[in-house]
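A single chain comes next, written as structure tokens; it is the form predicted alone.
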Amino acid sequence: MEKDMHSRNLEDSQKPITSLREEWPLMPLRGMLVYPGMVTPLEVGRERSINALEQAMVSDRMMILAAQKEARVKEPEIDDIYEIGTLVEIKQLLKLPEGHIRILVEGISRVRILSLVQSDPYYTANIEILTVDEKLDRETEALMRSASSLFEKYVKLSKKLPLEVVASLDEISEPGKLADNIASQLLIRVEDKQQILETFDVKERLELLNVLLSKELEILELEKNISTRVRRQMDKSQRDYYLREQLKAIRQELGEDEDKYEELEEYRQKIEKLGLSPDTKEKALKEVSRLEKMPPGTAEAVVVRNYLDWIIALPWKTETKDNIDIIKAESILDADHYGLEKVKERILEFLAVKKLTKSMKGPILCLVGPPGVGKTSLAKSVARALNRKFVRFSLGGVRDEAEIRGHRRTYVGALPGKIIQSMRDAKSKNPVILLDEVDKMSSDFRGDPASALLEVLDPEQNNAFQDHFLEVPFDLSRVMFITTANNAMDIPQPLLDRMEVIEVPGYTEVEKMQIALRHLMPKQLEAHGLKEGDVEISQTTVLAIIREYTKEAGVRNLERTLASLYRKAAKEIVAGREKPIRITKNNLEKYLGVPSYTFGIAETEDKVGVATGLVWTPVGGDIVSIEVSVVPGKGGLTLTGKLGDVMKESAQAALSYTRYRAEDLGIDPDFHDHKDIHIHVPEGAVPKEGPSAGITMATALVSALSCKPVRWDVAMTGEITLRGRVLPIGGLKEKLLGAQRAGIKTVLIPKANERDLKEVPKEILKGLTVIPVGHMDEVLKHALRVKEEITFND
């Protein structure tokens, strides 16, 4: 391989060409080139190059040198060699051991290689000798001075060239020779040097040289700054090490505990690696300095040490990579939950938008529904679909603000709040945190935890959440918060405003059946150590359990009942009974006892003064019978059944409507003067509240006063006004589900709720006749059993 062994100037600018011929020996150069007017040493080792050199020495010591485009090519073709090269004269030749030859060549002129004549045993080429016209004007002279000045700075900065090369430039007056001389000294790429060789116009060559020199100077300045900075850091590290060793020796002489200082150094190293913000890092290191000055056993030292442990344990920068695959997420949700199509669809929409926007901020999801419908497991599925850590903590019964924001360190036993504790447990900056039972919080003299949650659940504020214990901001903007509640009405309005509510409704019988077969039964079978085929429970048996032994919107009681069956079956198997244990509808009472609930309506006949209403409860929809009794008296109204204020007002409104329409209804207009009315809602120990029983009370009251029976297969829900208008209600799906479960045939609903029927699954509406009503007169037409149609006069 040819190596550049330094170049030197020639006194004279160009030597005359002693002979001209068509073919010239050609020697390709790797990683270097030779400029005209320069004397350059070379080392030759390739066989073809040595043959070309010997041929040149035999003839007139003249040959062509041209650079290869790729240095790694051992046997170059014409396309691998630059077109512009240099005609040189061999001045000296020295043979070295192992067959290598060292030569000294002088560049004569630029040449253009026209063609490669032969390549074996050496390269020969046809060339065109190029002449360059050099004109010295003011602009050229200015370019020469600029190049000389830049080159002088380059030599001083690089420190790889002797200063003598700068002095030698003063003797050069030709612009082309100056440019070639400087270019030969530069430590730049061969491509850049070749570009200078190929630039024939002297002025353009000097401009290109100035550009290359400026670029190299900028790089050298950066290298110098980096080197200075590294040296300064090394000097500081050595100084710190030296001082630390001195300090260590002093402490040993004083008899101080060395373990304490090792612990402090460990704290400092861990804090440096956390990637904290400058303010937080300063605060943490300040606490380390405070700890250093304290005696080890003091109470305050324990507090500071606890504080530093919390700082180090938190995931300031650590986070998991989201894996937002909608297809995978959908399969996970379907595998974990049966039904709940709209809920799953909304969660998938949320994940899709998150993937497209790549934004860490998003709505806070609030899953609202009765107990046992799978709100918590839905949140777990979301975390699994996103490949995030999952942390859950319950807010039920929390009444201290410090549970959310933490305690100040002035208190004994102070700790961060639940939010920071959850972040530590997650060990990730972007977990899914489930705030369970957000509607069960309360407040007292210790503060309002719901108000403390306002900052936590606001995407615009929680990027700098302040915990009283940490006293430094912590970024919660990457956390995905999911909350659950049984009743959205119990969530404070400002908190509810920050959340997107997703209703998780109760299950129909069909859905409960599928959940039991797909999820609950296999789970309980495995939990009780049983194998498939040990116990056989038919679908009709599961349906009987759902109807007669459970009464809920979710499936928790259903799971407990199935667990009871498997326990009893396991006992029989251990006792030696032959497998499989078959549990059917006929022998179900043997395992579970007498049915707890009656499926359907007990009364199958029309009754005067008894109307069936539909109510919403935390465990789903249900039916309620409202009874009215009319006895002689002085117009008194008695309400029993542990009714709330709103329900009492509904009863008063129903009475006022009845008095207003008494004559049209065939009732004595003066009944309130000589009759006492008693309205009773059974199950008096259970508190009842809400306006949706208004039309039911009015129907029962009209029935009792007119002695017209109410149809037993009709249930109703709706709020009533003094003029008899029927107003809309909430929880329609749950109420219809309760009616279906109870065996009701006809349901009267407010006309304004007719649009909500589109959201009710077809399984619930199956077997139900739903009649929208807008006025109490319509309710009475459908609810009262009469031989002739009643005509109402407005």
Ligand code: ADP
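Don't overthink the numbering: it's just position in the shown sequence, from 1. Everything quoted here is computed from the prediction, not taken from an experiment.
Separately, the form predicted together with ligand ADP exists; it is not shown, and the next lines address it.
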Judged by heavy atoms and a 4.5 Å cut-off, are 373, 377 and 507 together in contact with ligand ADP in the predicted bound form?
-> yes
With a 4.5 Å heavy atom cut-off, would you call residue 660 a contact of ligand ADP in the predicted bound form?
-> no
Can you check whether residue 192 is within 4.5 Å of ligand ADP in the predicted bound form, heavy atom basis?
-> no
Heavy atom of residue 390 within 4.5 Å of ligand ADP in the predicted bound form = no
Flag residue 457 as yes or no: does it have a non-hydrogen atom within 4.5 angstroms of any non-hydrogen atom of ligand ADP in the predicted bound form?
-> no
Could you tell me which of 85-93, 554-562, 162-170, 146-154 sits within 4.5 Å of ligand ADP in the predicted bound form, going by non-hydrogen atoms?
-> 554-562
In the predicted bound form, the residue from 697, 395, 423, 340 that sits within 4.5 Å of ligand ADP by heavy atoms = 340
Looking at 212, 476, 535, 515, which has any heavy atom no more than 4.5 Å from ligand ADP in the predicted bound form?
-> 515
Residues of stretch 508-525 in contact with ligand ADP in the predicted bound form (4.5 Å, non-hydrogen atom) | 515, 519, 520, 523
